[in-house]
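Taking the form predicted alone, here's one chain by itself in structure tokens.
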Amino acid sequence: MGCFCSYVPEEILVAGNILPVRVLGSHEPQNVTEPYLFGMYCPFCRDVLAQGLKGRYDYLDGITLSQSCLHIRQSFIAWREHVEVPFNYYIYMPNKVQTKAATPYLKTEFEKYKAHVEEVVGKELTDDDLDRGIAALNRNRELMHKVYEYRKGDTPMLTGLEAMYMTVSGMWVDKDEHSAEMEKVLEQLPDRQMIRDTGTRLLVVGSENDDTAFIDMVESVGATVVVDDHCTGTRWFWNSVETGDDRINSIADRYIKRPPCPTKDWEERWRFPHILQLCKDFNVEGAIVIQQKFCDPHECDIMPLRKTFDEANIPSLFLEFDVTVPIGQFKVRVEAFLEMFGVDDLF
């Protein structure tokens, strides 16, 4: 089942023995989406739709979107209308999560989604099925937390690039298989000998980011990405389901309370205190703030977020992403940013 957003309740899919697959772009120029999406829509959403139009996700049996931003909604709708797929479902998730009504409302929507999944798989999902789905996701999240703990020390035991491979692969691989691989990694990390200097400890925060070439470049010029806040990283796995007798309510409560996307971070800003806590816990020295071009929710966040960093004495660098990242230009800007930390090219 293709998931267009990290707010899709994977627990329900796993309970139905369905593999959740995050639908991502390819970071390649394309010219197939203009009839279906405005050119001013964010490049990630256009790239996502291009993958469907080009047939690269033809193995999917269905697609799901849990309401987030308008641009990805249009990608989902265009995919539903123009890419042949047996099943599709749009989850009406509230953007106003800071209200007592949010969890009960989302519980009702998740119950409808559970009924849809039961139709897809041809059987009722029992409490035991839901318990299995919850346990698989909770275990996977707990293990990713344990791996991230090894990024907190003076010498991080894995790079930001390796961490990105870990999280993004978890969005495509069977959760139990992914967890088994992480357990193997956790056995090796305590004795791992890093052959690189850590350099400046960075946080990457902002729009969807799975651009491995960009992270590799940043870590090649005197830095290590020690933590992140984006939807292919910590925002996806940070909190677990607190189990209770009402399984669907517990799942809904988890998605309401998870570190929010900017589309859901109002009227109060819950994100900024969480991001500052990440900076403290991972001993962050500087932040790279990224925005997919035309990403309205994150664009509205940039100024107050950078002000928050300034008030906390955390230097920040803003970069605007397109479908393809201008690695050469960005490298010059990242190197200039790192100079304020007294870091020369260490690598």
Partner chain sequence: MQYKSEALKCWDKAKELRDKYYSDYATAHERGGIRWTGGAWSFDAIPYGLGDDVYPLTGEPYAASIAFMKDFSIECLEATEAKGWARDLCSYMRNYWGSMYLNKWAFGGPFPKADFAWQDHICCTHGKWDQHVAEYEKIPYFCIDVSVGPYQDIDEPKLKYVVDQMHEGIEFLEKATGREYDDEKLIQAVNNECRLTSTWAEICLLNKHKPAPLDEKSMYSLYVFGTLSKAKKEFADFYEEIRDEMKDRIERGIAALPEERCRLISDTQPPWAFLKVFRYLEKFGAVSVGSLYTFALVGIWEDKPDGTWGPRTTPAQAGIKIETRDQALRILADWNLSKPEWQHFYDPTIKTRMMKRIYDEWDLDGVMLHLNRGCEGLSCGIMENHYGLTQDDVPVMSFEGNMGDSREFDEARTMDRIDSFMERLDLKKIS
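Positions refer to the first chain, counted from 1. Values in this document were obtained by computation on a predicted structure and should not be read as measured data.
Heads up, the form predicted together with the partner chain isn't pictured, but that's what we're talking about next.
For the chain seen here without its partner, which of 309-317, 33-41, 56-64, 275-283 has a heavy atom within 4.5 Å of the partner chain in the predicted bound form? Heavy-atom contact with the partner occurs in 33-41.
Which one of Glu109, Glu162, Asp253, Asp210 is close to the partner chain in the predicted bound form, taking close to mean a heavy atom within 4.5 Å? Selected option: Glu109.
Here the chain is shown alone; which of Thr155, Ser169, Thr99, Thr126 has a heavy atom within 4.5 Å of the partner chain in the predicted bound form? Only one option qualifies, and that one is Thr99.
Indicate whether Asp301 is a 4.5 Å heavy atom neighbour of the partner chain in the predicted bound form. Close contact exists here: in the predicted bound form, Asp301 approaches the partner chain to within 4.5 Å, heavy atoms only.
Considering only heavy atoms, tell me if Asp265 and the partner chain come within 4.5 Å of each other in the predicted bound form. Heavy-atom contact with the partner chain at 4.5 Å: present for Asp265.
Taking 4.5 angstroms as the cut-off for heavy atoms, does Arg192 touch the partner chain in the predicted bound form? Contact check for Arg192: no, nothing within 4.5 Å of the partner chain in the predicted bound form.
Mark Ser240 yes when one of its heavy atoms lies within 4.5 Å of a heavy atom of the partner chain in the predicted bound form, and no otherwise. Result no; Ser240 lies far from the partner chain in the predicted bound form.
Go through 277-296 residue by residue and record those having a heavy atom within 4.5 Å of the partner chain in the predicted bound form; state none if no residue qualifies. Contacting residues: Phe294, Asp296.
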